[in-house]
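Below, in structure tokens: the form predicted on its own, a single chain.
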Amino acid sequence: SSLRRLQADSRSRGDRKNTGNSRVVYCTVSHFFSFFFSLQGAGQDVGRSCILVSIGGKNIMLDCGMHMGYNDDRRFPDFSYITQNGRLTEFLDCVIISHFHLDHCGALPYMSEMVGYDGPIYMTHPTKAICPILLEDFRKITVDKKGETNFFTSQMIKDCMKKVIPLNLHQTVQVDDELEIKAYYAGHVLGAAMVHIKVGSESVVYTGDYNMTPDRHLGAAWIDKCRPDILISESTYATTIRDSKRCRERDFLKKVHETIERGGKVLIPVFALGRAQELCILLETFWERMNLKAPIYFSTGLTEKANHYYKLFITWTNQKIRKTFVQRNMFEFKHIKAFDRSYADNPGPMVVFATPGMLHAGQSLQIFKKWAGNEKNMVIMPGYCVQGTIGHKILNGQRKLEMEGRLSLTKKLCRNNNNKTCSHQGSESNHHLLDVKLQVEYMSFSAHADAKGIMQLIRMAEPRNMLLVHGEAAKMEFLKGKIEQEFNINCYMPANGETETVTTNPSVPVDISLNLLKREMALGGPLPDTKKPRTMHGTLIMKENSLRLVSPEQALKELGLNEHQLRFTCRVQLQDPHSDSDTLHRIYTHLKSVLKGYTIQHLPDSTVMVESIVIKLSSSAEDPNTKVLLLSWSYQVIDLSYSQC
């Protein structure tokens, strides 16, 4: 019933396109089974991942993220597309969060506490531990520093996390009697998971963000050959095939070293956990080998937190780190120290890792503003930047940036009409242009699968259909063509605001009785071959959610039914001046000549039999030249009967 309500609600707004504060995609999969997808973000777009899947009457929300490129209502998904009245609890069976990045979990407290959702929220243990910390950092920047209102509070984050049920890898979790989910290792960041959702024989795999290449601290993504009806995959790097990791690391170290040697400062914007640890391990090793003295700093407090969580969830790291962890903790750095904001003004070279990774707010943006005017300095962007962020702008060559500060209250004196002194308070917007003179480098250490990795995952899972999300339209279109060409499956890439219908033809397992198999073998023909399907006749019995194909006799016996013979009839008129007996004999002779290999009899009672088909002839009372042929046959010979008619 919840599925019908949701579909009816969606159809009533099916023509709504890009509204002022939301963009939504609906796509339906229908045939023997029906799936219903609603993308409230990530449809030909990167950011605000939030996908609603309806499968077998169950409604699941996949991720609940924010968009880094917006500071208005478009930042969060518009949940009114699910329901405009009441809470979301009655419409959703569960919510699944793939990992702790804000574009996948940033709207979670808003959805659960401000819109209203009391159902289960599933995520892995590391995601449950790290998610509230990043949400609180995000809240502080947005509310305490920018002064925004109508935002979730610290208490709301805590209340939201109380609804979370942690997932273990490869553990099948029964959400209810029909819905089950199973998490798989996704790489990408600590605790990231792909999820296999199953209701009966219908299934969907959602990848979230994943990486098919192992790195210095995480392993590669992996999933069973589960053959889902739909594989929903991110496509951030849909057209990129990365060069070797060793070459990228060498170029990165060279750029950093050259900047330090000329006395410049290097800013590396990162997110708190993930690429930060990867690059820290790389620089720590390089500094030790080269005996370099320039300081390396990391955002205050985050190194301690990161170290704590990597110790706590060491089983989520790669094999090398797990093996050497007892002898040496790779995340306790000798050359990397905690950063204080006053250090940004210190003279001389330094390297600073600062959050967040797209230069859209926080400490990384503040340091960038201070260092942007010096051509000796360098900013290295190690990951993807969403459109609308400062990171995206400078990577696209923009050298003059309009920066916006907080509104400030000013007190002004004036003269009124009576020439008396008065005062009033007004607000002035602190807008200014920032000249970007420092060097800008993009070196992809992003932990997303490239085009080669996406194709590798398709081979691994063997889906029946593909749906691409979390990517840019032109690049997704190219990858879509490659997938359809190589795998001969349908691939969809709905944009926000579009509706997509997807048809599936799922395999339904059926048990076949031994007696029926023996009877089919006795009739001759080739031996059973899984690669060469053949038609088999029998009676299909559905009992206690299982299907069996048995002989009609066995079905009648099991179900206690009486057998009835069903025959079909057909009347054919023809003009013939001969007698009835001559006409029937001519029909018999003709059938003998054209139906070789069939048993054809001319019986004494003026009847012709072709196998079990009965042919009788009579003349019209009004016109003796008009003959009427009456044909009668059973369903077993229906094809032969139609050929005679």
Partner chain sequence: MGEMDAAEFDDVVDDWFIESLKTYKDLHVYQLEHPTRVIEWTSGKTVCVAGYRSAKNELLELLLPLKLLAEENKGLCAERDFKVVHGGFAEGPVHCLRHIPGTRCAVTNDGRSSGLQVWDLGGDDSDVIRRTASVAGRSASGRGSRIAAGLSSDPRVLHGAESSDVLLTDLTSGQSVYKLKSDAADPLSSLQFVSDSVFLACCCSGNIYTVDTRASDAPRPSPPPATGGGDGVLWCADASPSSAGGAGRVARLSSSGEAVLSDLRDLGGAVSRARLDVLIDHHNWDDVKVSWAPALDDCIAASGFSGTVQIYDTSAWAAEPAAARPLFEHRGHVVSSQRADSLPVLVTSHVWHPERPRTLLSAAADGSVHVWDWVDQSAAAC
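Positions refer to the first chain, counted from 1. Since the structure is predicted, the reported quantities are computational estimates derived from the model, not experimental observations.
The protein also exists as the form predicted together with the partner chain; that form is not presented, and the subsequent description refers to it.
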Checking 243, 224, 435, 553 against the partner chain in the predicted complex, the residue with a non-hydrogen atom inside 4.5 angstroms turns out to be 243
Which of these residues, 570, 536, 521, 247, gets a heavy atom within 4.5 Å of the partner chain in the predicted complex? 247
Determine whether any heavy atom of residue 286 comes within 4.5 Å of a heavy atom of the partner chain in the predicted complex, and answer yes or no. yes
So in the predicted complex, does any heavy atom of residue 485 sit within 4.5 Å of the partner chain? yes
Verify the contact flag for residue 180: yes if a non-hydrogen atom of it lies within 4.5 Å of a non-hydrogen atom of the partner chain in the predicted complex, no if not. no
4.5 Å heavy atom contact, residue 335 and the partner chain in the predicted complex: no
Of the listed stretches (555-563, 198-206, 513-521, 233-241), which one has a non-hydrogen atom within 4.5 Å of the partner chain in the predicted complex? 233-241
Looking at the partner chain in the predicted complex, is some heavy atom of each of 167, 278 and 371 within 4.5 Å of it? no
For the stretch 435-456, I need every residue with any heavy atom inside 4.5 Å of the partner chain in the predicted complex, listed N to C. 440, 441, 442, 444, 452, 455
